[in-house]
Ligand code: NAP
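Form predicted on its own, single chain, as structure tokens, below.
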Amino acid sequence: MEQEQGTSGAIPVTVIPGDGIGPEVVGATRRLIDEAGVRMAWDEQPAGASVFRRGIASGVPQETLESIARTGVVLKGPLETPVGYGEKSANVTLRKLFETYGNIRPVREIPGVRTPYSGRQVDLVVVRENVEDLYAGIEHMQTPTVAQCLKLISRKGCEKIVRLAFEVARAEGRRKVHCATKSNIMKLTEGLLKQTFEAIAPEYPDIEAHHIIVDNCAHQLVKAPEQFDVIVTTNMNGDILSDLTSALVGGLGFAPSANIGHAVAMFEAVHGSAPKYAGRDVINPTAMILSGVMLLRHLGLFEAAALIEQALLVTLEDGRFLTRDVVGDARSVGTTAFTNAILDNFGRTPARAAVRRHQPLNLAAVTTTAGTGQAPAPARTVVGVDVFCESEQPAEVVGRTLEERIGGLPFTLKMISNRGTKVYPPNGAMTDMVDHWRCRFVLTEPATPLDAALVHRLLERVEGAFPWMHVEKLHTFDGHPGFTRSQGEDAAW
């Protein structure tokens, strides 16, 4: 995107130096951008450890939030979440507050950096959904011994990340997008991403679209990473796969990233703050520099981006000025000397590592949760409820007690599961049971309206025997169940 310039003609960018080694690698990146002839109005703002110590639980002060809202572009160093200060990660807070829904993490074979994959031409991008899934962070202790984390996947979130992945492929001249999910097990949540991907893919006929199970994707990345171009996936899967891919090319020291939203984009290295190396001028700034290159491309400054990237690749290819993570302490140079070498190589092009041509990235607007051709208002029916309750009693005692207590109500206790496996009525399962039971009550007459009063009457009966902690209505949409069966359950309802 073309960034609106300030009155001085400089482009306003919020810069968060970060914690630990952050100021050093961010400083190196700012220096290269400035020397490339780009006029930036850097607005330096705090976040992270120093802010937690001020008693701000989010780790992000109001003045930083206001700066980001004003500039829309952030160059960010790594942030700590110190033990004893704050609660949520300041990194995650920033991503979620500004709806930077897409995390783009490119990896490519780096000249001068030897790995088991050298010569394989690894060059791919992981596009990770960035704000929902398990990272919604909604957790509960449902009993003293059983914890729950809600995995929230929305159709709108899926469409946004799928479209971003295809647009990244187009912007970088790539030809394939793989969608990696665990939809063979999580058929509704992970399955929603698969369904959305398959609905949108025909809109991009110039790009091959493939679905792959995420564990096979991890296997194939280790076995034959050169087969991949773009991988789009959910938040947790993307967190894991993108760290794996960075290891293919030399580690997190070479892993840049962009957090992309419609209003704000944040650019940061993937690595942490490495406090034990802070202030020692020994850290490899490559990941942060490449993040700065991504920032420049986001702003439409393709020539400056290519100038810096090519000089960086020339420096790495040359091999005379390399940091300790690449060549060890004895032969290494520090952060400053490495940055100086890059500056000296401005205008040169690498012999063996071509810079990929980029076009502007189109962030297609998504205005409807039904934007993949699905009916916006499917016919909905409630056929029962799942009630989660606590008991130390055996499954047969829990089941018989509940069947007795619901007498006279228009419900049948269809089954009880324990950790996802049906245990009542008994079916010979050898489940090692805990004190957490999902009890599925279905309406004996499907036409019976399941209103709040009826649910309340059911819960009163359950509560008389066992404490309950959670209730889910069982919906069908256009006749299809909006809920899953337990292992060993014969039918959904």
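Just so it is clear, the model here is predicted, and its values are computed rather than measured. Sequential numbering from 1, following the sequence displayed.
Below: the form predicted together with the ligand, not depicted.
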inquiry  = Only one of these stretches, 184-192, 170-178, 397-405, 273-281, has heavy atoms within 4.5 Å of the ligand in the predicted complex; which one is it?
reply    = 273-281
request  = Indicate whether the ligand has at least one heavy atom within 4.5 Å of a heavy atom of residue 262 in the predicted complex.
outcome  = no
request  = Report yes if any heavy atom of residue 252 sits within 4.5 Å of a heavy atom of the ligand in the predicted complex; otherwise report no.
outcome  = yes
task = May I ask you to check whether residue 91 falls inside a 4.5 Å heavy atom distance of the ligand in the predicted complex?
result = yes
Distance check, residue 160 to the ligand in the predicted complex, heavy atom within 4.5 Å = no
ask   = Taking the ligand in the predicted complex as the reference, which of 99, 390, 325, 386 has a non-hydrogen atom within 4.5 Å?
value = 325
note = Students should find that, of 422, 297, 95, 414, the residue having a non-hydrogen atom no more than 4.5 angstroms from the ligand in the predicted complex is 95
ask   = Along 30-61, which positions have a non-hydrogen atom within 4.5 Å of the ligand in the predicted complex?
value = none
